[in-house]
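One chain comes next, on its own, written as structure tokens: the form predicted on its own.
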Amino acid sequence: MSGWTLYFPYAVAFWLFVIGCFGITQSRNLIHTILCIAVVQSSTYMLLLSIDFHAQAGAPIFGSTNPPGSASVDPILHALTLTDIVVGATVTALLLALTIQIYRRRGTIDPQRLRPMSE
């Protein structure tokens, strides 16, 4: 790989991160904020997968078709990406459940209209 194609996945990860952070700061709705957090989370997937990308690399299973010593990808980063996806889905589900409870108790999901609970 040469030139811009080497850094393109990093640029996409950075772009996703910036767009997600901008959405978080500009949001007037808790559901929109949660979706923007998911976009920021997806930038970490892109970053982890682009770190481990090799154009001619194969699976890390060595045998007759892929002899030992040949280029292969690191399975640890793929495992971290899968773990990141599972954790991201869990956090998103938890935040959405909390948003439902906030709406039931307060009647709004606008963060600026929410006030501290009185005793």
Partner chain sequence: MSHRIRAIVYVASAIVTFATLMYAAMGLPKFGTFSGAYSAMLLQISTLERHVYNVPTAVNFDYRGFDTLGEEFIFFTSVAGVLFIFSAVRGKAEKHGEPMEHEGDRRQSGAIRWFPTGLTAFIAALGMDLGAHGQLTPGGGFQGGAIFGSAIACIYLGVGIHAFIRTAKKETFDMLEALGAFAFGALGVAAMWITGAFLRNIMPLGQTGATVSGGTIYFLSCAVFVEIACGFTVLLLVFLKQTGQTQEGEQ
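Just so we're clear, the structure is a prediction, and the values are computed from it rather than from any experiment. Numbering follows the first chain given and starts at 1. In this text, the rigid core denotes the largest set of C-alpha atoms whose superposition between the two forms falls within 1.5 Å.
The protein also exists as the form predicted in complex with its partner chain; that form is not presented, and the subsequent description refers to it.
Asks: Should residue 114 be counted as a contact of its partner chain in the predicted complex, where contact means heavy atoms within 4.5 Å?
Replies: No, no contact at 4.5 Å.
Asks: Quick one: does residue 47 come within 4.5 Å of its partner chain in the predicted complex, counting heavy atoms only?
Replies: Although its partner chain is absent here, residue 47 would touch it in the predicted complex, with heavy atoms inside 4.5 Å.
Asks: Give a yes or no for residue 38: in the predicted complex, does one of its heavy atoms lie within 4.5 Å of a heavy atom belonging to its partner chain?
Replies: Contact with its partner chain, no.
Asks: Residue-level question: is residue 31 within 4.5 Å of its partner chain in the predicted complex, judged on heavy atoms?
Replies: Judged by the heavy-atom cut-off of 4.5 Å, residue 31 is well away from its partner chain in the predicted complex.
Asks: In sequence order, which positions of 75-96 have a non-hydrogen atom within 4.5 Å of its partner chain in the predicted complex?
Replies: Residues within 4.5 Å: 75, 76, 77, 78, 79, 82, 83, 86, 87, 90, 93, 94, 96.
Asks: Does the C-alpha of residue 59 move 2 Å or more between the shown form and the other one once the rigid core is lined up?
Replies: Comparing the forms between the shown form and the other one, which are aligned on their rigid core, residue 59 does shift its C-alpha by 2 Å or more.
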